[in-house]
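Only one chain is shown below, in C-alpha cells, and it's the form predicted alone.
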Amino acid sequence: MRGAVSRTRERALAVVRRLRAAGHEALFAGGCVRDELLGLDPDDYDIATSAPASVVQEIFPRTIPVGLQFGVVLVLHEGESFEVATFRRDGAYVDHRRPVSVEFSDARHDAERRDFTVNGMFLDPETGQVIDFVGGRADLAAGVIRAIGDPQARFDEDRLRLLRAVRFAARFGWGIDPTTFAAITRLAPTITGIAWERIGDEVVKILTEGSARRGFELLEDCGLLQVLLPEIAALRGVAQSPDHHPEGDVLTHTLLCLEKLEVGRHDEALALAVLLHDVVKPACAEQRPDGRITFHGHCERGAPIAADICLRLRRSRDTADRVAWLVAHHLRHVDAPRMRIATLKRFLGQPGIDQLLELTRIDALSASGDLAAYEFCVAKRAELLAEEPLPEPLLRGTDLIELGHRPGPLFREILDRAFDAQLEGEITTVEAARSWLRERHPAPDRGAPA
C-alpha cells in the first residue's frame, strides 16, 4: 500500500516540478499536507500554483477543466489525476457553496480562504518546508479543528463545512475549538439549505472513516443530528428492558453499535443498516404488565423507514434496498436453531447473509452480549459451505402460470414451500415438482387470484 502511495506522491512531485520549470510557484496543498504531517498516507495530492488555469493547460498535454472560472484543472499524469488550482481569494458567496467571483492572488490569500487551519497549510515537496499562514501546525499538534478566521464567515461560505468539522474531529479523535463549535451549533438549523447529495456523502464518510460513534455524538451535541436525522435523535430516552439491553436506551445502544464499525471492513450499506436497524423502536415500544418493554414488529416496520432515510441522503436505490433488507431481517437469526433444515439452508444460503450475520454480531455485542444464535448460524453456514451449494429451484413462477395460477400474493409463499420440499428431498425432479403443485396447491377457479 505504501509503495503505491509513494508512486502517487512521486507523480504529484513531477507535476510540481514541471510547473516550477515553467517559472511558476507550485506547492502541495490542503489535506495531503495535513496527512503527511500526521504520518499518514494521503488519499490524493492537491497542488496550488501561481500559474493561471490556461497556462496549466498549455504545460500539460492531458487536462480536464473542472472549474476554469475558479482556476481549477485536473492534470492527468501517468494514469493518475491531480487537482491543480491557481492561488486565489474568493468573492462573496450567495448559495453557501461557491463564490460569485474569484481574484487570483498568492499563497497567503489562498490559505485564508480555506476551511480549517489544519487544512490550510502548504508543503514544498522538494525541501519539506511547511508554509503555514493560519496556525495549522499548532492546531495539528494540539488536536483541534478550528475555522480559519471568522467561523461564521467560513460556514456562510459553505454550509457543508459544518459537517466536515465533525467528520475531521471524529476521524482524528480531536476536539473542536469552542468558538468554531458555537458557530456550528448556531448554524445547525441551516444545514438543509445545501444539496442532500453532499450531506449524504458526508454522513456516509462519518460512518465509514472510523470513530463513527464519536462522530454521531458530536452531531447530537451540536444539533446537526436533530436536523438531518431526527429519527435517530428520537432514539434518545427510549427505554429498553435491562435483561436484553443493560446498556440503556435505544440511542445508547445504537452508538455502541456504531463504535464497532471498522474502516475497510464495513461498507456503506452495512454502516447505514447499523445506524438504522432500530429506527422505528420509538413507535413500536410497549410496556407489558410485568414491566418489560417490547418492540414487536420493529424489524419489518423499520425497513421501509430505513430505505426512505437512505433515499433522503441520496444513496442509490440498490443501497436503500439492501439496507431495508438488513433491517427487516436483523433478528431472523434468533429463530435459526429452531428452523427446519430446508428453511435454514435457504436462510443461510441467500445473498447478503454475510452482511446480515455481521449486523447481528454487532447488535448482540452492543446489547446483552449473547452470541449463541449468531455462532450457531456461523457454524451451520460453514457446514453448508462444505456441502454442495443450494440447487436451482425445480419449480418457478412460469410453472405456476402454465398450470393455471395467476400472479398474486401467494406466488412467493408457494414457491418457498416448493423449494423447502426440494431441499428436504421430497421433490427431486421437475415433473415431481409439478405433481406436488397440483396436489398441494391446485389452480384456483378461473377468475380467482392465485
Ligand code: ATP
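All values reported here derive from a predicted model rather than from experimental measurement. Numbers follow the displayed sequence, beginning with 1.
In what follows, reference is made to the form predicted together with the ligand, a form of this protein that is not presented.
Q: Within 4.5 angstroms, counting heavy atoms, which one of the listed stretches 218-226, 314-322, 181-189, 156-164 is next to the ligand in the predicted bound form?
A: Of the stretches listed, the one contacting the partner is 156-164.
Q: Within 4.5 Å of the ligand in the predicted bound form, heavy atoms considered, which of G404, G397, G31, G67?
A: Looking at the other structure, the residue within range turns out to be G31.
Q: Only one of Y374, F87, F295, F168 comes within 4.5 Å of the ligand in the predicted bound form by heavy atoms, so just point that one out.
A: Of the listed residues, the single hit is F168.
Q: Test of understanding: in the predicted bound form, would D139 fall inside 4.5 Å of the ligand by heavy atoms?
A: It does not: once the ligand is placed as it appears in the predicted bound form, D139 has no heavy atom within 4.5 Å of it.
Q: Report yes if any heavy atom of K345 sits within 4.5 Å of a heavy atom of the ligand in the predicted bound form; otherwise report no.
A: Judged by the heavy-atom cut-off of 4.5 Å, K345 is well away from the ligand in the predicted bound form.
Q: With the cut-off set at 4.5 Å between non-hydrogen atoms, does H266 touch the ligand in the predicted bound form?
A: Because no heavy atom of H266 falls inside 4.5 Å of the ligand in the predicted bound form, the answer is no.
Q: Taking heavy atoms and a 4.5 Å cut-off, does K281 contact the ligand in the predicted bound form?
A: No, K281 stays farther than 4.5 Å from the ligand in the predicted bound form.
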